[in-house]
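Take a look at this one chain, the form predicted alone, written out in structure tokens.
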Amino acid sequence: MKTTQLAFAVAALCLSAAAGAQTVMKISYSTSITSHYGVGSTAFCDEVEKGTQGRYKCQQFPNAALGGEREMIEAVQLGTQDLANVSTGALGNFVPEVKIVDIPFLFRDYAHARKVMDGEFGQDLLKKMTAKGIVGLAWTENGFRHMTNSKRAINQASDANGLKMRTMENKVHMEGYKTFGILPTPMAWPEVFTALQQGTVDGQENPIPVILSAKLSQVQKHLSLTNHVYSPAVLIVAPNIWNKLNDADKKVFSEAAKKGAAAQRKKVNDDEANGIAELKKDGMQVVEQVNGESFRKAVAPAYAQYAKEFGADKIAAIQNVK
């Protein structure tokens, strides 16, 4: 082979190798691959792979395979994990400004919550993550939280009194739940099913999609649709991945995150619409008409502490979004 031909051949091989170079990113979340987190993450990953012509693709780790949400966030921060789809429950331990969205009864309904998270307030929160070594791509969703337990039906706030209930490692949640008479027991998600099964705790609180995907009907008899906290979620990426992307790829990731968020929210809508009937069929006793006013009245004293911590004006600004 002539020198010129050899040079062309080597150059062609190099170009081919560069074109075929692929980065496989680890993404994790707490629930199953068929859950809302799985649906949102899959939509995001599919769009990233398509938009980068296969240069970036995901390897998914559902069911908290890489640890609980605190561990996932820490790993993304350290750069030992590439991506995670997590709720704000643990995120506030890393980005304190996020804690405000976990206040009980802050949001009226899904339309209100989504408008706030997609608006200026939510977008500012995403930007604040950067200073903490986390890149927030888009707000996905966990959903409105409801109470389950193995002891009794909860029709009003006083019915929750004395129940030992697993909560997230989230002080804002726990401060609020204590006003209902609940004994909050913070516990990482991977430990919860066994704790419920063994009676270590009486109950837990989570959105319908989580209750469904975790098959909590197997270990909990009562479900009350308390809607006591809206639980946002977010797609986060490690800075070491984000910083090496060119502008075009950053746009692909950002747009993919929006599509992932839309898919995740749609799954939440579907589970809210169909999940109650499924859980009843599985044997759960469901209180659909809870006395919400009794819970709002009970939690009112905690709002004085929230106002001190976050500012009454900021809380009011969120509540007043129409």
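Sequential numbering from 1, following the sequence displayed. Computed from a predicted structure; not experimentally measured.
Another form exists, predicted together with pantoate; not displayed. Remarks below refer to it.
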Blocked or open, judged by overlaying pantoate from its pose in the model of the complex and testing 2.4 Å from backbone or C-beta atoms: open
Every residue of Ser30, Tyr37 and Val210 near pantoate in the model of the complex, heavy atom within 4.5 Å: yes
Heavy atom within 4.5 Å of pantoate in the model of the complex - the one residue of Ile154, Leu91, Met168, Val172 that qualifies: Met168
Partner proximity in the model of the complex: Trp189 to pantoate, non-hydrogen atom cutoff 4.5 Å: yes
Ser224, heavy atom within 4.5 angstroms of pantoate in the model of the complex: no
Exercise: Thr148 in contact with pantoate in the model of the complex, heavy atom 4.5 Å: no
Exercise: Asn142 in contact with pantoate in the model of the complex, heavy atom 4.5 Å: yes
Contact segment among 160-168, 246-254, 107-115, 120-128, judged by heavy atoms lying within 4.5 Å of pantoate in the model of the complex: 160-168
Partner contacts in the model of the complex for 81-106 (non-hydrogen atom within 4.5 angstroms of pantoate): Ser87
